[in-house]
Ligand code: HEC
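Form predicted on its own, single chain, as structure tokens, below.
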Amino acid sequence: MKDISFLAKWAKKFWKKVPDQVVRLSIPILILIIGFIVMRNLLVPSDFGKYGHFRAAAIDELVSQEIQYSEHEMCFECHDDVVKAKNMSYHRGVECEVCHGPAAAHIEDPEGNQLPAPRERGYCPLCHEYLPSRPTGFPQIVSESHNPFRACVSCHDAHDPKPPTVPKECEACHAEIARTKALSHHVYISCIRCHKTPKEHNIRPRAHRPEKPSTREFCGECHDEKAPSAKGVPRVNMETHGERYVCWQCHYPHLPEAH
């Protein structure tokens, strides 16, 4: 009893020496700790942690669920020609059920459970609609201008989605610029005529960027009055025509008619 009395007196004496702000701060901390212990006992299931960081009963719940998906290898048994073509195409990493939906019931009864084949125009843009965040070189379109009102499958085989025509030069990544340039007088000028492009740009485009012309003299190689350019090319006197400005401050190079 003497030891308990001594400890009580010591604790009371020590507590009086504790600053008031520490006492006030310790109260909410103590409430949080007690609340955490109580809530943990009330909310955490009793079987949590028995096999790992999850409820043990979750295993039985998952096992009892109806199987809806099948492995893509199962498709090979009946559709070997389609699977072979797909495995050699750009869609080789896309599972069949991504487009055709859960196939477990179809495997059990192929005739009674036909799988859908999406043919509406809005399905393919879920992956291929233009988004700046998608990787450089990933096939993208702008639905409003890319063959509007036509279904994607009318031009592309979904199992081997090669484009009807292979993109030329730079238009695979710069399709918008290519479409604009196709309407201008610069349509037959190669991109690398104006943009000096390192070979590494095709592999790491953002690390090795093409160069852009930086002087008036470059445009003057074709458009100066004394330039040995083809007949019909617009000519100007480069010494007096907008001498204070670089040409592309007034003329958009990919559509120079617009200024």
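From 1 onward, residues are counted along the sequence shown. Only a predicted model underlies this, so the values are computations on that prediction, with no experimental measurement involved.
Quick note: we don't show the form predicted in complex with the ligand, though the next part is all about it.
- The candidate stretches are 226-234, 48-56, 35-43, 22-30, and the one lying within 4.5 Å of the ligand in the predicted bound form by heavy atoms is 226-234.
- Interface membership of Val246, defined by any non-hydrogen atom within 4.5 Å of the ligand in the predicted bound form, is confirmed.
- Not displayed here, the ligand is approached by Val98 to within 4.5 Å at the level of heavy atoms in the predicted bound form.
- Taking the partner from the other structure, the ligand in the predicted bound form has no heavy atom within 4.5 Å of any heavy atom of Val18.
- Although the partner is absent here, Tyr130 is not a contact residue: none of its heavy atoms lies within 4.5 angstroms of the ligand in the predicted bound form.
- Using a 4.5 Å cut-off on any heavy atom, the residues of 236-257 that reach the ligand in the predicted bound form are, in sequence order, Val236, Met238, His241, Gly242, Tyr245, Val246, Cys247, Trp248, Cys250, His251, Tyr252, Pro253, His254, Pro256, Glu257.
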